[in-house]
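In the form predicted on its own, a lone chain appears below as C-alpha cells.
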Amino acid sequence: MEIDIYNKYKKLGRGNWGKDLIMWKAMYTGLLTRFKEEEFTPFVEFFLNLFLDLPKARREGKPIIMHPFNYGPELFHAMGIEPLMQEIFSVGLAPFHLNEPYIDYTNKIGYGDNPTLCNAQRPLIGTYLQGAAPIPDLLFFLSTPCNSLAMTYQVFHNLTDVPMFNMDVPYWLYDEQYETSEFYDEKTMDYMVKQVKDLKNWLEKMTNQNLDIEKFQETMKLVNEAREYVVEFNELLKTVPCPVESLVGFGNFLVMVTKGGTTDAVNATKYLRDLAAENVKEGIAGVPDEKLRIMWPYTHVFFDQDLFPFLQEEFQANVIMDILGYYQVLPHDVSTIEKCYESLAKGTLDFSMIGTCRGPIEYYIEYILNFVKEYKIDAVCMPMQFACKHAYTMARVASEAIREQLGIPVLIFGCDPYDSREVPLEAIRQRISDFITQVVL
C-alpha cells in the first residue's frame, strides 16, 4: 500500500468511535496494519471502508441494523440504514483468540456451553455484558439455518431492548421448474414475499421514513450487476488448475453479505472476477503445480488463518470452495417493484448456507454432488461442531452419498471452528495431513 493511502486510512481511524466500538476500532487498526504491506486493491478498499462505515453512520445519525451472516443487506442500503453483519465482529475476533475470554464469560454467566450453542454468535452476549459489543438501533435475524443463531439473537434483544424483526424461512422449493418435485410448494414464494414486505413496513415504521422506490430499483440493479460478476467468477473456478488460491472466493461472500446493492460491491466483485479471468488467460494457477482440489462444504476453521495456506504449501492443495464463500444467488428480473420484492425473497432463500441448509437433507446432498462433479473435486473435508446440529447430522449421510455415487474420499473431523481450545490447530492439521497422505494420494 502506498504510504499516502496508508496515512489517509490511519487518519480516518482516529478519534473517539464510542465506548461500544472500542473493539471494532481495534479490529480496524489491526486490519490496516496487516494491509500496509499489501497492494491496495478494490477489495482492500472495501474491507477498510466496511469498518469505517459504522462510526461514520453514528456521526451522521444514520440508523444501524445488526443482522446475521446469512442475509443480504440490499434492502437496508436502499433505505439508508447502515447494516452491521454481526459475525464480522464475533467471528472476526477468532483469528486473534480475542473471542475466547468472552466465550468463557458467557459460559460463566450460564448462557449455554460449547456443545450446545454456536460460538459464531455466542461471544456477542459476553462482549455486550462487558461493554465491548457494538450496540445497533435495530436487530434483524432469520429462523435459518439454526436454532442456536436465532436463540442468541433473541437473548441479545432481551438484554438490550433493541427493536427486533425475525423472518421465518420456508422449508420447500419455490422455483416452478421444480413443480413436479415432492419438495415444491407453490405457496413458498408468496409466503417469502409477504415477509419481505413486512420487513420493509417495519423498517419504515422504526426509522420514520418511506422506502424511496427509485433508490430501491437502483439498489437492486447494482446487486444484480455484482451477482453477475460472482457467477462469472464461480464459472472460472472450474478451470484446472484453479486460477485463484484458497479463500479468494470467500471475498465475494463478504462483499455481498455486507455491501450487496452498492457500487462498492460491484467494484470488489468485478476486481475478483477480473483477477480470475486474467489468470485463466495467462495460464496462472492460484496454487502452483496444483495437485489436489478440495471441497469444504462447511465454514472455515476461523481461528487458524494459515490452515489453507498450509495445505497449499504442503500438498499443493487448493480449497476450491467453502459453504459460505461459494455465493450462488443468481441475478433476477428487477424490472418492476414487485419483481424487486421477489428478488429479495429469492436471494434470501438461496443465500450462502440457507440455500443448502434449509429444508430436507436432499438439498445439501444434491448441492455437494453437483459441485464435486462440476469442479473436478478430488477430496471433501468437513469440519464439524456439535452445536451446528443440522450440519452435524447431515455430514455422515452426505459423505456416504459422495463415496458411493462418485467414489471421492471424504474426511469428517470434529472441532470448534471458533475456539482453538477444543481441538488445537496442530491436531486439525495432522488429521487433514493423514487423510491426504493415507487416503487421497
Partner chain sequence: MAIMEGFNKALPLSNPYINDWKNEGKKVLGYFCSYIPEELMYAADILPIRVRARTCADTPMADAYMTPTTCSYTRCCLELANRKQYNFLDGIISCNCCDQVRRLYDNIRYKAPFPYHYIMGVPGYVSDTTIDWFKHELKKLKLNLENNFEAKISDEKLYDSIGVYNKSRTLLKELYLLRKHDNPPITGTETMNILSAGVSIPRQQFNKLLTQQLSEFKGKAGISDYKSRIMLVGSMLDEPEYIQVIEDLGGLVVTDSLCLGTRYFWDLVEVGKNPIDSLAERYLSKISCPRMTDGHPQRVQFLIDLIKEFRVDGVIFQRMKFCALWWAEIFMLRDNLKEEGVPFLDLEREYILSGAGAMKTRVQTFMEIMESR
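Numbering follows the first chain given and starts at 1. Predicted model, so just to flag it, every value in this text is computed and none were measured.
Not pictured, yet referred to below: the form predicted together with the partner chain.
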| item | value |
| --- | --- |
| The unique member of 243, 73, 145, 325 whose heavy atoms fall within 4.5 Å of the partner chain in the model of the complex | 145 |
| The unique member of 394, 66, 372, 381 whose heavy atoms fall within 4.5 Å of the partner chain in the model of the complex | 394 |
| Per-stretch contact check against the partner chain in the model of the complex, the hit in 58 to 66, 385 to 393, 372 to 380, 34 to 42 (non-hydrogen atom, 4.5 angstroms) | 385 to 393 |
| Residue 141 within 4.5 Å of the partner chain in the model of the complex, heavy atoms | yes |
| Exercise: residue 111 in contact with the partner chain in the model of the complex, heavy atom 4.5 Å | yes |
| Contact label in the model of the complex: residue 313 to the partner chain, heavy atom within 4.5 Å | no |
| Residue 96, heavy atom within 4.5 angstroms of the partner chain in the model of the complex | no |
| Distance trend in the model of the complex - C-alpha atoms of residue 187 and residue 180, change of 3 Å or more | closer |
| Relative Cα spacing, residue 181 and residue 344, in the model of the complex - shift of 3 Å or more | closer |
